[in-house]
Each structure stands twice: as structure tokens, then as C-alpha cells.
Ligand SMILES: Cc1cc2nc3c(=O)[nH]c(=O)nc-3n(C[C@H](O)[C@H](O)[C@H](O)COP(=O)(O)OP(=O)(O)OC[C@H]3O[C@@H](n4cnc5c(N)ncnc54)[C@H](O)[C@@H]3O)c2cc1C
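Here we start with a single chain on its own, the form predicted alone, put down as C-alpha cells.
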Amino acid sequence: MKYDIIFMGGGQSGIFGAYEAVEMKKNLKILVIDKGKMLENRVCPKEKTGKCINCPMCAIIHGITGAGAFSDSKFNMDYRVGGDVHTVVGKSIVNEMIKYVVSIYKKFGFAEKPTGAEYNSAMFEIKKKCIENGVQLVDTPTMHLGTDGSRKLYSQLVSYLLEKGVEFRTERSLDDLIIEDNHVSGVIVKNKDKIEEYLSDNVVLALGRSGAEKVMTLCKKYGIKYENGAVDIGVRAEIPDIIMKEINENFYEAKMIYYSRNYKDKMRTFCSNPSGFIAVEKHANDVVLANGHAFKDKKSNNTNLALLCTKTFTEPFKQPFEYATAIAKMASMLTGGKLLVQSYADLKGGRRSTDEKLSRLNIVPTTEEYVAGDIALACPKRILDNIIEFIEIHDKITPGFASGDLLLYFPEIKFRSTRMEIGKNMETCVKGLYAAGDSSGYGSGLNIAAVMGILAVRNIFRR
């Protein structure tokens, strides 16, 4: 069977792209393919047993509706956060599209008022401190679905797509593209031990953050233009809520950007989760990464957030993905496949953390999937220097942040190493092949991923 559009990847780009397609025209043959399971079948055993059993396919990362369904699901309502596709299509178009995506959210039951939309005296004081310390505060309004809230919303959206005739093929990983005379004509996927072909003259490649390596392989094979993008390497910080109270209550998430004094490297906070929980992501090739999420109804006493260093490499180096993966493997080697955690007091003091030392702190970790140790054994010095400097700067804005009760989980890595060359229509140099979401190199958040999926579909119809 030949399809009108194939979405290779069932995350935010694929789901919202499919929605746009069925809304624009009836009786289309739309196919969404993903290496994970349908949303209702995505069950993480850890939720019941409390322990990770190293599933062959991690339900937290892979599956229909993507990693967003198991994340904190914050939706930023501004082009400045979530990616930089505005450099291709323009700021006003991205903001206009974000408003449209919000209207879809509301259609499926999400109507919470965004935080950070109106300033008060406390927010002005926080922004003043940021300016005084050389920190850019990206103060965009943010909608917070919560991990539980996002699953409800996405369940309704997927049900709607099924009613409209959208087909889903799950537990199938992309093996290859079918390209003839520089025009895509379908995809080849692996279904366990079988190889399957699905045909279409329009393929939206949206493999998510974990698909960066596969995208690079395909670009090299077919001469698809791309450049080595950046990778974000850092830690997931966890601190008692009381320290973050002012920021949490006024911004929920205050995104901060800082450039280190010595190296001039870009540092940023990302994905803050008030009263949230540390999450563990297990990827292929023994890559174990830290993340975080928060629920609407279930709360902890801690806030977690990412502190990331953005690294862009120059010639002749062309393996940023492999570089970041090697760092993650080094950490996993030290811990036997768990996260590496260290208190900030021990890190500054040049000492490894132990379980006994951690038990003396005023903070109780929200995960047991860690080994106490020394981050300096796995993290490059330059990146570690930047993290320490950023923590000290953050302490001037949020007093108490650089305390001994700050826990650092290593590593947290955001793979965006393949930046595909695309036009304003999201199309690559291969006719009919579109790129969207995190794997394109232009996305890093729910908002931009959805925007790119919709823009790709609109341009397919325009053609």
C-alpha cells in the first residue's frame, strides 16, 4: 500500500503533523511508524517495582507520543525556547504556530493558565539579580502539563487520530530510506527479524533525540546536506524545594543562559521540575542518562533541573555524537549502568561521595538508580569547570543553591549533533523528505517539535 504521508517517528512532530494532515483533508492515507509501543502499552516496570530491569526497549524514551509523554511536559510559548527553527522560517511564524499548537492542546482538554505571563515585584527582583551577574533570563510563559497530565492529553489525541483513520505501526525501527533520483519513495523498517517496506512520496523524518546517530548515518549515505551541530553535556541538579521556592512560585521554570568567564562556553538551565523526581533514561550501547519529571498530583520535596554546557565543535572533528556517547559510557562503566551522583560539597572539596556521606545531608534523593562517586573521573575538566562556575553564579541569584545539599547526577546529555539543511518548508535536499523535531538539529522542546511537524505537512499540501 502507498501512503500519502509517512511519519517516521511517533513523537511530538509525528503526532501533531498527523493531526494537521487529517484536519486539512479527509480520507488521506497517513502512517505513523515508531520503534516503541502504542501509548497505552508503554509501561515502565519501575513504576510498579521501583527498580529498572533494563528493558530491551525503554518505554520512557520510545513509543507513540515520544519521550514527552513520560516527561514533565512543559510547553514554552515563545520561539526563544525549545529550539531554533526560527532561524529558518522567522520568529513571527514560529510564535504564530505555537499559538496554534496551544489551541490544539485546549481542544483536547488542557486549559491551565501559563505561568510567568505577568511580572510581579519578586520576578523583577530575580531578573535584576540575573542582570547583575551576567545571566540572561529567558522569561517565556510556560504551560505545565505534568507527566500524568500529558498522558491524558496525548491519549485523547491518539484516539482522535485513530478515529480519523491514521494508521500506526509500532515496534519497528528505521533501517533505511528508499531514495530514487534524489526523491524519497518510502522507508524500510525492521520488525523483529523481518524487513518491511512502506511507500510514500512524502516522508517526515522525526526520530527524536535518540535518533541523532541514525540521521547522521542516512545523511552520509545519501548525500543529504547537514552540519555537525552542538551537544549539551552536564548534570541534573537536585536541591530542596525551599531553596527554589521563590523561582518555583513565580516562574515555575526560569531558564537562564550564562557564558563562562574563562572558556566563554554557553551554559544554560533546562527542564526545571519543582517538587519533581529524577528520571533515568537507558539508551542503546550502555548509555545511561539523567533526566527529570514532575507530576500534577504526586509531589516530592525536591526541585531538579539540568545544568548544561553547549559544545559546538570545529574542523577537523566530526564526531560530536560519539564524543558525548563516550563520556556517558565512561560514567556507566564507573557505576555498573546507573547514574553517578555526587554532592556539591564533595565535588568542590575534591572528594568522592559515598552513601554514608549522602545520608548526612538535608536532602533525600528521589531515585535509587545511582551510585555515589566522583564526577571528575568521567566529566571533562573544561565542562566540569563551567558547571561549578555556573552553580556559584546561580547561588547569587538563588541563595543556598551552591550548598552541600545540592546533588549532582551525571551525565545529562542532549544529543543534537546532526543539523540537517532544510528550507522554510522543512524539506531537505532530497525531494519529499522532510525533517522535524529533535533529530533535525533544530528542535529541543515540545513546542518546536510540534511546530516543525505541522509546517512540514502544510508545505506538503501546498506542493
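Fair warning: this is a prediction, and the values are worked out from it, not measured in the lab. Throughout, we count residues from 1 along the sequence that is shown.
We do not show the form predicted in complex with the named molecule, though everything after this point is about it.
- Query: For the spot marked by Gly229, Gly234 and Lys311, is every residue within 4.5 Å of the named molecule in the model of the complex through some heavy atom?
  - Reply: No, the candidate spot makes no contact with the named molecule.
- Message: Given a 4.5 Å cut-off on heavy atoms, tell me which of 311-319, 159-167, 371-379, 276-284 is the interface stretch with the named molecule in the model of the complex.
- Response: That would be 276-284.
- Task: With the named molecule left out of view, choose which of Ser73, Asn302, Thr269, Ser343 has a non-hydrogen atom within 4.5 angstroms of it in the model of the complex.
- Result: If I apply the 4.5 Å criterion carefully, the residue I get is Ser73.
- Answer option from Arg151, Lys338, Arg209, Arg80, heavy atom within 4.5 Å of the named molecule in the model of the complex: Contact with the named molecule in the model of the complex is made by Arg209 alone.
- Query: Counting only non-hydrogen atoms and a 4.5 angstroms cut-off, does Ala456 reach the named molecule in the model of the complex?
  - Reply: Although the named molecule is absent here, Ala456 would stay clear of it in the model of the complex, with no heavy atoms inside 4.5 Å.
- Distance check, Ala18 to the named molecule in the model of the complex, heavy atom within 4.5 Å: No, Ala18 sits far enough from the named molecule in the model of the complex that none of its heavy atoms falls within 4.5 Å.
- Message: How about Leu446 - does it come within 4.5 Å of the named molecule in the model of the complex, if we only consider non-hydrogen atoms?
- Response: Because a heavy atom of Leu446 falls inside 4.5 Å of the named molecule in the model of the complex, the answer is yes.
- Query: in the model of the complex, does Pro411 have a heavy atom within 4.5 Å of the named molecule?
  - Reply: Flag for Pro411 set to no.
- Task: Residue by residue through 157-187, tell me which have a non-hydrogen atom within 4.5 angstroms of the named molecule in the model of the complex.
- Result: Result: Arg172, Ser173, Leu174.
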